[in-house]
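First, one chain by itself: the form predicted alone, in structure tokens.
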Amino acid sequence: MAAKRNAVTTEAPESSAPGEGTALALDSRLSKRVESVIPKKRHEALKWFGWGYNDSQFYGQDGIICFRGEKYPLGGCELPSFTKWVEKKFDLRVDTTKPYPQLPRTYPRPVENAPFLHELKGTTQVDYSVEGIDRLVRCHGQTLNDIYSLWHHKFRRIPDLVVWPRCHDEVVQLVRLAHKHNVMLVPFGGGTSVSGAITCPQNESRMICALDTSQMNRLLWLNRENLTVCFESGIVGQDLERVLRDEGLTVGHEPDSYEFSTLGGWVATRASGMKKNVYGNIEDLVVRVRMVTPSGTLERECSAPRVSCGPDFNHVILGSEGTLGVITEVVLKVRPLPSVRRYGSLAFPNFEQGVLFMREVARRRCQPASVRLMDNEQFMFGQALKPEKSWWSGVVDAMKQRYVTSWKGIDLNQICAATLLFEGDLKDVQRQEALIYEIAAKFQGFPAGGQNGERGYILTFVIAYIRDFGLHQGIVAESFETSVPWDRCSLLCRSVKQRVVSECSKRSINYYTISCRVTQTYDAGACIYFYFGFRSTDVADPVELFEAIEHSARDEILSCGGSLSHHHGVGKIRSHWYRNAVTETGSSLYSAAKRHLDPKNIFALGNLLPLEEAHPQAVASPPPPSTSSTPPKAKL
């Protein structure tokens, strides 16, 4: 998935976690700065108006949907089956004449804070920019609302300044200056948020400074004896794994946004990866983390595997979504690279049987690195995404289909599929495969081939590109997720789909798709991912309508016992439910921490709790620009 291999250079570290610099097991006392696949000027490699690389996208040609881009297996393919699926599902033809949006000719005028700018230039060496394009590409994440607003030039407020600190100490300088001069800070990593977490607050009157962490991407140290590594927070997922692969190691954290999201973003949102069954979620991988706040640097002094010293402040940082400070350095667990990596897939006669299989696998704690169950709608969608085949391949597929429908007696309108990924040494993988297929057989499941499993796994990285193509063609679509106890898993899936169908009917939406998949399994429950989209060619405000239906779907999720979020986080779009999710006492505790760590509310993103609830004093009476210095750095 990564672009071409880039160089790693070495230089003396400017900072490192306390106590690690003298460890005998360290491979090197020199840090490694990574030449990232994403340049400092993001728009040179990534789309300013949507997801992913500039050279990768779905497009229409002669009435057929195609995909361009050498970084993905679909690159250069025509997709006639996908074209037919879109035409049938949404009753529309692919329009090859519609232009994509153009960069705005003008940008919102920046708000200036002269004392802050004067001190930034005079007392620091931090690089910065006031260019319109640099500001625009850091004013948003990747929600449907974000992208729609970009396309229609709806953002009234974008960052007034972009800064690129290069290390922890420069972040300390920036936070002190922002606190001193009452400048709002937006920590910006990979820009992949789908919760509105990094969307620029539109009503903020103070100067807004986007703190881009991309130049903080060094490997600070590696300890082979302890199997731990320390990275700066701005390193991108694929860069992090490429550097570790050169050392024969892996972190194994692979979210769908892995190509573009950053380590700091994973921590800030409590992210989950596709291979969490083997490696764990981000909270399982983090040993230590440093976060700079206006009240000092928050970090734990000890890197022992477990400590019992009161509440774990790592978990104050995990999931804080940029509202308390800037994450600068993270110590992670690493594992040796697996010697064997093998894909597989399973077919089940219906979704309910598939869920029972997933439950049994979780109960016996024999999950492979990744196991994901798609419902029939997603299964048919995945089949439609297959490139055009040769005549002989078509004959073979027809024979396979006849085998499934005639010999197995499976209804193609009910069939669902699971994709599998096994990692480990050969004997462990073989043993795991045998057990998984044995369990599947108890629920009428049967193997469907490794090639289908690999395709299904890799296609995950292409899905977001489809959202932008759909928007271009008059279809609004987005995903949302939850986690749920096992005894309510199938009920929740059915109920949410029925709720969406009902909401579409009430609004006279006749052409839509709603599907789900089980993506993560635990002892006590599972993660459910929903995909919803509808034709919006005749809708005045399609995003507002989409959000209204999604809001109803979230109400249904919560009433069925589902969580507010499994891994996307709360951000702004789910803050409506946050107080009920954590109780009045919990929200008050968060607000108290917010006021202590950020007394002037310079991290006023409005995530988790609405701004007036999270920091009522700052909203009621915003403090004037201060000339006093920040309290001295303190360990909290």
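Numbering starts at 1 and runs along the sequence shown. All values derive from a computational prediction rather than experimental measurement.
Although not depicted, the form predicted together with a further copy of the same chain is the subject of the following passage.
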Site check Glu35, Gly52 and Pro387: each within 4.5 Å of a further copy of the same chain in the model of the complex by heavy atom: no
Listed residue that, although a further copy of the same chain is not shown, lies within 4.5 Å of it in the model of the complex (heavy atoms), from His566, Arg135, Arg372, Lys180: His566
Position in contact with a further copy of the same chain when the complex is considered in the model of the complex, options Gly319, Gly196, Pro349, Pro542, heavy atoms within 4.5 Å: Gly319
Candidate stretches 115-123, 212-220, 374-382, 227-235 - the one whose heavy atoms come within 4.5 Å of a further copy of the same chain in the model of the complex: 227-235
Partner contact for Pro305 in the model of the complex: a further copy of the same chain, 4.5 angstroms, heavy atom: yes
In the model of the complex, Phe446 touching a further copy of the same chain (heavy atom, 4.5 Å): no
Interface membership of Val278, a further copy of the same chain in the model of the complex, 4.5 Å heavy atom rule: yes
Non-hydrogen atom contact Leu426 with a further copy of the same chain in the model of the complex at 4.5 angstroms: no
Residues within stretch 290-317 having a non-hydrogen atom within 4.5 Å of a further copy of the same chain in the model of the complex: Thr293, Ser295, Gly296, Thr297, Leu298, Glu299, Arg300, Glu301, Cys302, Ser303, Ala304, Pro305, Arg306, Val307, Ser308, Cys309, Gly310, Pro311, Asp312, Phe313, His315, Val316
